[in-house]
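Only one chain comes next, encoded as structure tokens, the form predicted on its own.
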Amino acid sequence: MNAPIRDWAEVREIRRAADETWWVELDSPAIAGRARPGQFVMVGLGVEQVAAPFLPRPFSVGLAGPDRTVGLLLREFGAGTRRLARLRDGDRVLLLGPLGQAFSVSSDRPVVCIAGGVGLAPFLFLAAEQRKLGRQVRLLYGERTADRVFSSELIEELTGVAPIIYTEDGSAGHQGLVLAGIRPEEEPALLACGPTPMLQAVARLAIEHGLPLQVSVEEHMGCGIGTCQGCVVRSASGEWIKSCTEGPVFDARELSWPT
């Protein structure tokens, strides 16, 4: 595996896409040229802007554009992401990546993506690539309320795919959980990224119906390269494995899912 790239990247564009949610495009040709859907980058401010919180934050690569930009989906969860949300065009951030394992997509099957919250990010990248290859993509996307839904117009602009949206309260799209959009008897295989409870539910459904499933887990990370061991998940054999290096994308059968 190639060593990750350390790159000072300039913010080319940052725009609000939903409540406390931003789409950020960074100028990083080296990382954009190597990144694959499902991989991530660590984003920090380096020692040039020393201030708390100091540790970088992991973000799925949401786009590796033809103009060699890296796109990220940023939602404000805490002090670190709030600080990054205050970036402006021309600011610089320190990227490390691309990191982790990517999704593996068969060329002879339609792609079915199940996204919860910011788990949408890797599927923006994946859907855009698959559509360029002329392959069918179905994107199921769930949020709690309408104000959290990432702009459907921007999704179509980035991917060429119209998302099928679910909100828990029915304030946008279909009412209910995103799992309601899965058609077990028709799906050839599933890809999922989102909060752990959502992944657990998708895994149970896939196991029940014998469907292949790849999941991208969302775990806290301090380094992204396997040193801090803060992102471990339990494997099906009971061992703890690092999601930053052995994941974040796993075959769902490799992981332990509570029953």
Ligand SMILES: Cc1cc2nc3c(=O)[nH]c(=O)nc-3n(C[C@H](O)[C@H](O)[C@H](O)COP(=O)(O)OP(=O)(O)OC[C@H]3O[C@@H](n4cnc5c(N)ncnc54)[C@H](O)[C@@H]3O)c2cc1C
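We number the residues from 1 along the sequence you see. Computed from a predicted structure; not experimentally measured.
FYI, the form predicted together with the ligand isn't displayed, but the following is about it.
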Which one, Leu95, Val118, Val149, Ala127, lies within 4.5 Å of the ligand in the predicted bound form by heavy atoms? Val118
One residue of Leu213, Ala35, Leu199, Met221 in contact with the ligand, assessed in the predicted bound form (non-hydrogen atom, 4.5 angstroms): Met221
Select, from the options 69-77, 106-114, 166-174, 128-136, the stretch whose residues sit within 4.5 angstroms of the ligand in the predicted bound form by heavy atom distance. 69-77
According to a 4.5 angstroms non-hydrogen atom cut-off, is Gln101 in contact with the ligand in the predicted bound form? no
Does Ala203 make contact with the ligand in the predicted bound form, using a 4.5 Å heavy atom cut-off? no
The ligand contact in the predicted bound form: Gly194, any heavy atom under 4.5 Å: no
I'd like to know whether Val217 contacts the ligand in the predicted bound form, with contact meaning heavy atoms within 4.5 angstroms. yes
